[in-house]
Structure formats: C-alpha cells, structure tokens
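Presented below, as structure tokens, is a lone chain in the form predicted alone.
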C-alpha cells in the first residue's frame, strides 16, 4: 500500500507512506526535526496518530520501513518473526493493540509469550499513540529475566551498574570508585568501565583488576570493560578473565557499520563469550548499549524516525540474548533530544519498547551539560522508570562522569530509590551484602558503627588501592 490520508477538521492530510506516518506521529524530537521528517504542526501530528491507530499490525510485516533487500537488520526482523506467537494479536490494528496492552487480559505471562511475535516497528507504532502513563503501566507488568552470576529482572528487584570511569584509565582511581560503589551496594547488574582508549593491554589490565577484586571478596558479580567487540575477542584469545562482551548497536545495517560491526561479528563475539563458561547462574554473556539518534548521527536513518530505529536496535539485541541492554537516553545530546521533556519521554518509550520485545532493559538516566535539562529532571525520570519496573539503572560517583563528561545518577540515588520503592538488588548480590555486614537484616545499609570485620576488610582494601 502506498499513501495514507485523512480529513481532520478543515485540513486534508496526506502521508506518502507508512514511514511518513510513523515519523509524523512521533512526539516532538529535535533529531526528527533535524532530519526533516517531523510533523510541521501539532495538528498534523494528531492526524498522523489517527491514521496510525487504524493501521493493521500485519502491515508492518508487508511494508518494511527500511527495505529488506538493502538492510540485514530488516532481514533479521522479518526472517525471525514468530508467526505463532503473533497469532493472538494478528487481527488487530495499532489502536486495538494499545487497548489490549492496557487491558487486564495482557498480563505478565501473556506479554512474555507475545514478545517473539512482535516486531520493533509494531511496538514503536503503538508507543506513539500512548501517553507516558500508558507506557509505564504496560512496562510495569512486563518481565524479562536474565542471569550470569546474578539474576537480573526479577519482580520486586532493582539492579544497578557501577560505572567507575577514569579519564586516564588509572587503576587506582578506578579501584577507589569501584570500592566506594560496593560499599553503597551498587554493582549487582555489572561493574562496567568505559575505557578511555581501546588499547588491548589496558583493557586486559582492567579486566584483571576487577576479577581479582571479585575473587578476593567472593563477590557474585560480573564485570565488563566496554571496549569494541573485536578487542573483547582479542582479550579472550589472550586468556583475559572477561565476563561480558560489550558493544554499542543501532537499528540499521549502515549505522552498525559505523560502529564497526555487523550481525555476523556480533554473533562471533557472543560465541567467544560463551566459550569461557564463566557464568554461575546463567549464560547471558552480552552487554549492549543503544541511544535514540545514533542512526541519524551516522547518516544511516533511511528517513525513519529516531525512536523507531531505536526499537529496531532492540530487535538486534533480542537475537543476541544479552544479560543487559541500556539506552543512554540523554547522552547523544540536544541535537537529538533537546530538553528534559524529550529525554523523559524517550526514556519511557525505550524502556517500554525493549521490554515488550523481550529485551532486558536498563536506562542510563542522563543528560549532557548543553541540554535543556538538569538533575531535578533526572530525578523525575528515575522515579518514573522505577514505577515502570526497569531492570537496572546506571550510577557514577557524584552523578558526574569525569571521563565521558556527562551527568547521570549517583550511588546515593540508587540507595535512596531502593529504600523508597522497597526494591533490593539481585538476590545473589543482596545475600553477599548481608554476609559482608554491609546491610542489616532489613536490607538497609549498615552504619560505620555497625559494619563487621568483613566489611572493614573491604574498607582496608579501598585504602590500599
């Protein structure tokens, strides 16, 4: 089918194709405005949403937004689509699908069974006609559980990534920030370092540093040096103690090529990680990152809106069975998400779309210093995501990443959020905190006067780092 139109009031709105409908229906994003595909007026945006609500879900299987012939991500999405899982909703339009998702019939088990039958374009489409409240309500009843040395995504739990970055990859600085985070109970999702360079020897040294810490205190944790997948493969070949294989990914073949990867290489990285057999409670070995605007910044968006392309990145992630995936929601900058309103909306969209597709979603609640946002806005998004059941959040010392030069959440934020929501860390890590005397029998952080000898050993280790 080509061309969509609708009369709305005195205006007749025409959209060239489904791609144009999707772009025009999207909530305001500076990236779509930059790409020249956003709705020119709010009236046109509303008209596009009326049109989109009446589009049958199966249309997205028949009219790929990025042509099948030129894009391996499209081929992955279409070729791996589970028709049997899709059958219960195959007769629905986008609007009917929204109503279904918000109904009591769409419970946790139903949504889990449905996930393989949904394409990224379907979930992106339905998100465009949902309010923030709707996105939270549906995501809150969706579960995606993964495991390596800890189990992530269980109901009633909130995991965190400890991010101890250092501008020169100084081992002492990284060790100090890591130990600080552990004392606050942070790091059950992963202790993940963004290295300042992709130097193989440096990355291996950091892997060894974290693995020695894990073994010294018998910590049920996984670590990751967020280097390129090819560097991780080389590290594995050198015998490095690598837990998780990392890679940034995007929603088109061309954008992934800009990251220096394709689907074949990503699968090679996963197989290399699996070959080490380092997991104790599971074998999810990939850690992936995404962000709205990455395809546009690489000039690889094919005229598709940035939020739909972000959802397509989750289609790539789903095939790799990752332990963790997080959107770095405000990291790419105001050229793509201009202000707090756009960042908050994008964070809720990303979380909703990822979980509905069966991906273990976390969020880096963050912004750059030249965006129209501040820490109060991040507080709001943090609490909204907690209500939505986010798998994990990222925390850095003082909420200020001194290597990447952006603002995120602090260790203290995670502690407070866990206390308010009553959501402790992953059970294996929670048990370790109690054994170490870092938390009391109620899961509250122990005061300096309460911590025992094991915890003091951790403090001494920090002092000697």
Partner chain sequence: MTDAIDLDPFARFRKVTRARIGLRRAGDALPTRAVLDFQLAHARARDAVHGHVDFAGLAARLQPLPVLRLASRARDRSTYLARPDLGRRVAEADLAALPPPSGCDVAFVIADGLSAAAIERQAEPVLRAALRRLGDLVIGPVILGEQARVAFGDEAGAAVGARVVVVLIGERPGLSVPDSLGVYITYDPRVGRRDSERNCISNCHADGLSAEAAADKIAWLVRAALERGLTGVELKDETTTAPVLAAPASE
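Numbering follows the first chain given and starts at 1. Model, not experiment: these values are computed from the prediction.
Unshown form predicted in complex with the partner chain; subsequent notes refer to it.
Checking 53, 61, 34, 46 against the partner chain in the predicted complex, a heavy atom within 4.5 Å turns up for just one residue: 34.
For the residues 299, 82, 372, 105, the 4.5 Å heavy atom test against the partner chain in the predicted complex is passed only by 372. With the partner chain left out of view, the stretch that reaches within 4.5 Å of it through heavy atoms in the predicted complex is, among 395-403, 37-45, 62-70, 423-431, 395-403. With respect to the partner chain in the predicted complex, the three residues 100, 282 and 314 uniformly fall beyond 4.5 angstroms at the level of their nearest heavy atom. Though the partner is left out of this view, residue 338 does reach within 4.5 Å of the partner chain in the predicted complex, counting heavy atoms only. The partner chain is not drawn, but in the predicted complex it has no heavy atom within 4.5 Å of residue 230. Looking at residue 218, you'd find every heavy atom of it more than 4.5 angstroms from the partner chain in the predicted complex. Contact check for residue 175: a heavy atom falls within 4.5 Å of the partner chain in the predicted complex.
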